[in-house]
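In the block that follows, a single chain appears as structure tokens, in the form predicted on its own.
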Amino acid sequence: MNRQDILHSLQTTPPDVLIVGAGINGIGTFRDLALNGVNVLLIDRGDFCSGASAASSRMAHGGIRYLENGEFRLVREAVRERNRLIQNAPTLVKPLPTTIPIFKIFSGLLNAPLKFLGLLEKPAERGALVIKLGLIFYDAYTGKNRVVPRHTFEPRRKALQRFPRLNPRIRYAATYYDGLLLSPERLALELVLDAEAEGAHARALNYVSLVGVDGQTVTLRDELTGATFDLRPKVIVNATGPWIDFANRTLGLKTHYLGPTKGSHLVLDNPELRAAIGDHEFFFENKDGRIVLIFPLFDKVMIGTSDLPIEDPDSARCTEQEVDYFLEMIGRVFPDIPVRREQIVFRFSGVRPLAYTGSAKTTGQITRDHHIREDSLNGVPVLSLVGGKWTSFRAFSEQVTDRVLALLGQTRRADTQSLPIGAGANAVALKTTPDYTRQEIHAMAQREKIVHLDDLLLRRTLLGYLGQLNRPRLEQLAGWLGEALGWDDERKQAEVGRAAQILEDQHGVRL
């Protein structure tokens, strides 16, 4: 069904379950419920995967550093789910060799016990012994199903042979494997389309917002036309990520479930640095205890990430102070490679939906685990999805679906553990070059629920992330997209203006 068909169908066949928020947790739950025959509607005030889920570090990772916090269940689950992603979405998730440059040997031995006793606020830099022990545990969680190779540990001499531009002051380099999300946005979209392919009982709408409630009646607004309509769902799933408490307020619920933090990234066009890292991510701890990364993003290099408290998720932007921090930390690992501000082709910042702790923990110590909080809206259950991470979205969605099925008095009839993602779709192939054709743009417009030009630039393609845009290209793409979607010249120019403003304001791209 197209957008108008879905809006019309809601008048005659309202949903039993309303999912508010089309980030990865909402989308994963939508797919699982669709697979189990539940009449479900997914909405988002913006595009699919346009909020926190679009600002990830593009890794499917088990979270090796969570071992130090004693979060063994979380690591075990994440490693298992990382392996499933590599197997279930092999065109979009690949094994990622990850190298840790190690500058010390014994440092950090007391990190874990001191954290347990509440005596450590900022961790000491981890040395070779701590990292080696962590990698042994990490490999063990993969079990017999070895989707990725085991870790290796190399002394300085061998490490510098493999990576000649690496800082010669290192003592060791360790390499282990996680997963690379080639395009989280496309992966999320494929999940949406897979869900809708289950039948007319599964419907998804972007650019529809939650605006109010009256008793058990929820009011939604079509952000394209301004028209409002009412629904009476049996269950509401609040999957709005960092906006959970804001959405609950709209529902008349006073909650304080989140203590979110901001994470920013840069994308650099630096051929020297790109050649120096090869196909490896470099993942390490800076001198201040912050975990940072240097990441191969096709022919570019991604740098991240910060971890700063934030109150208003809509205000998240990558600041010049963060840029200074990132550029300086590159010099610790690759000291003879010059990196300049003018090499930044894209920047982005998102907000992690972390649970509110009420304690003085550093942001890095706040758990990335997930849980469900249940409230009642005049007898209608409201499930708020707190926490979580990209890697373990399927497991979290499974837990949410089981809760929803129980509330509806239904039983599970299918699961997603080994279910391929995007297997039956006719997707336009993910490209790393800007040479999309008119026919390919038309195909995406017809199939992929595109509403605005920026949906195409930032979430259906990599054109924005890889710095492949200029003003003439925007005009051309708006023309092709407009042909498919029936835009007049005024709408095409408005879309170009909107896209240019978003690129500059949120991503530092001046065309």
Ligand SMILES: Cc1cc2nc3c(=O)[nH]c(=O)nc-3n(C[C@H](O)[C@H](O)[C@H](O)COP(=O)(O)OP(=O)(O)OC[C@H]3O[C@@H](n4cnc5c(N)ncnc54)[C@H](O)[C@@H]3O)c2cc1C
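Since the structure is predicted, the reported quantities are computational estimates derived from the model, not experimental observations. Note that residue numbering begins at 1 and tracks the sequence as displayed.
A second form of this protein, the form predicted together with this ligand, is not displayed here; the remarks below concern that form.
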Quiz prompt | Segment assignment from 384 to 392, 144 to 152, 329 to 337, 95 to 103: heavy atom within 4.5 Å of this ligand in the predicted bound form | solution = 384 to 392
Quiz item: Only one of 59, 453, 67, 41 has a non-hydrogen atom within 4.5 angstroms of this ligand in the predicted bound form; which is it?
Solution: 59
Practice problem: Would you mind picking the one in 277, 266, 351, 128 that has a heavy atom within 4.5 Å of this ligand in the predicted bound form? | Solution: 351
Quiz item: Hey, in the predicted bound form, does residue 175 get a heavy atom within 4.5 angstroms of this ligand?
Solution: no
Exercise. Look up in the predicted bound form whether residue 464 has a non-hydrogen atom within 4.5 angstroms of this ligand, and give yes or no.
Key: no
Quiz prompt | Any non-hydrogen atom of residue 46 within 4.5 angstroms of this ligand in the predicted bound form | solution = yes
Exercise. Find out whether any non-hydrogen atom of residue 240 is located within 4.5 angstroms of this ligand in the predicted bound form, and reply yes or no.
Key: yes
Quiz item: Going by this ligand in the predicted bound form, which residues of 1 to 31 come within 4.5 Å of it through any heavy atom?
Solution: 20, 21, 22, 23, 24, 25, 26
